[in-house]
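Given as structure tokens, the chain that follows is alone and in the form predicted alone.
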Amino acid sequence: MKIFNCETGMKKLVRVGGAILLSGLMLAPMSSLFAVQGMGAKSQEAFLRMRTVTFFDTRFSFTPSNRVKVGDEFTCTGKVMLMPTWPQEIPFSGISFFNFFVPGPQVLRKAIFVNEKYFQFNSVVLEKGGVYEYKMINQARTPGIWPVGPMVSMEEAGPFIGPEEFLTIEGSGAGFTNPVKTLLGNTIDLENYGEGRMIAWTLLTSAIAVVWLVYWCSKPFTRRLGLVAAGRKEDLFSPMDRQVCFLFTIGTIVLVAAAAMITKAQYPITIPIQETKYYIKPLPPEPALIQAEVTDATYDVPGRTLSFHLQVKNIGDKPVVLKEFLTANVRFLNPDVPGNTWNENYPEVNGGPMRVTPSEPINPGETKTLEVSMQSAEWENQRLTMYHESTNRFGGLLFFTDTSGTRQVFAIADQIVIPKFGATMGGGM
């Protein structure tokens, strides 16, 4: 009868556990290959997403199927507002670049229009409080499922990400081409243009680096440490070492100079990279229907509810209602407005209903104080609970409309929020 050895059993258990742990660590990075991940917009602070740049009216041409084939073109259109009161914590230069985000070169950006002007490579200068309309034309390149959407990158402030959709690109990318016509009239394929030259230079420079490392690593390491410890640093380099360094330096300079001359001879006509920045005028302001001011705001932490009072004066000639609130790509719709229901084609996150009290329209010339309340788990899911941050303020866009369908977008840019932790969690607040 075999007697169980406790010590041996523990060793086996440790080995098996170690093997499982090691396998898990090795497979963990691979899991990302099978999981569809977003662009990580939620990792940005709430005040940055709510009070800087707000995307609205975003539309993707591939909805509702969210499927295209390799080579198909699709568009992304919409508007973006730079909030009129910019957070003091974030630098503002106005120098921005419109782009279409996707993890890697899975799509080609064919063209970008801002306020109907074509921009492909240049930055633009934008204004605080300005509204800009964009159109992005893209082409599917690599099969897979990718999160995609618009974005604006601003100098010193970083990227601001718009609403995203998951796009499925079907087919094979083997025969994909990207032909462009140069200013000289030649047509080249950017998918493989200059590929042979790039590989040759990579191999050549890597070989030089390897020879350099082999030369120095082949010397006795212990003896060199001894020389350093003895203070005989001058003995580290022999006359042969100095000759080798001289040959590498001269050889590298000659190689780069010769390559530049050969390239210039092959391509005599070139133009420098363009650095011009274009100033873009904002869109003309929409018709003014109301004047509004947020008087106070609270966030009920246990109830996950943002509430604020809004004093609104109707300066138009038709009754006006508050239809929607949009912040950080999350939309809240007023269910008391007829036909104001959620559309599955909206790329934003559905925050849920927005309760407005009183719900009756505001008549021309009338001033009302509205209580706006939005209870939603998305405040937590989207990490928009401002009480975690040092700047306990929120922002967003309010959408008013009158009986003729005319819309006014009103920005809340810098409203302080008082958190309410409840009777059992107050802790002296």
Partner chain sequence: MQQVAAEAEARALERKFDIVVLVSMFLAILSGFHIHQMLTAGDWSFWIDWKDRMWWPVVAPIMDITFPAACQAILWTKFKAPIGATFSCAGLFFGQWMNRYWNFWGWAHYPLNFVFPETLLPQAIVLDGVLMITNNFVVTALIGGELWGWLFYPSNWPMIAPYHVPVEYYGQLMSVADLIQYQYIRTSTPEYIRMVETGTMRSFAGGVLGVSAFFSGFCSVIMYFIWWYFGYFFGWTKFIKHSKV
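Rigid core here is just the name for the largest C-alpha set that superposes within 1.5 Å across the two forms. Residue numbers count along the first chain shown, from 1. Computed from a predicted structure; not experimentally measured.
One more form of this protein exists, namely the form predicted in complex with the partner chain; it is left out here, but the text below deals with it.
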Report task. Indicate whether residue 97 is a 4.5 Å heavy atom neighbour of the partner chain in the predicted bound form. Result -> yes
Requested in this report: Decide whether residue 92 counts as a contact residue for the partner chain in the predicted bound form under a heavy atom distance cut-off of 4.5 Å.
Outcome: no
Query raised in the report: Just to confirm, residue 275 within 4.5 Å of the partner chain in the predicted bound form by heavy atoms?
Result: yes
Requested in this report: Report yes if any heavy atom of residue 316 sits within 4.5 Å of a heavy atom of the partner chain in the predicted bound form; otherwise report no.
Outcome: no
Query raised in the report: Which residue, 101, 346, 86, 308, has a heavy atom that falls within 4.5 Å of the partner chain in the predicted bound form?
Result: 101
**Report entry** Interface residue in the predicted bound form among 279, 342, 166, 121, criterion: non-hydrogen atom within 4.5 angstroms of the partner chain
**Finding:** 121
**Report entry** Candidate stretches 319 to 327, 262 to 270, 296 to 304, 77 to 85 - the one whose heavy atoms come within 4.5 Å of the partner chain in the predicted bound form
**Finding:** 262 to 270
Query raised in the report: Using a 4.5 Å cut-off on heavy atoms, which residues of 205 to 223 contact the partner chain in the predicted bound form?
Result: 205, 206, 208, 209, 212, 213, 216, 217, 218, 219, 220, 221, 222, 223
Query raised in the report: Is there a C-alpha shift of 2 Å or more at residue 227 between this form and the one not shown once the rigid core is superposed?
Result: yes
Requested in this report: Classify residue 208 as shifted (yes) or not shifted (no) between this form and the one not shown, where shifted means its C-alpha moves by 2 Å or more with the rigid core superposed.
Outcome: yes
Query - Per-residue C-alpha change between this form and the one not shown, residue 264, threshold 2 Å, rigid core fit - result: yes
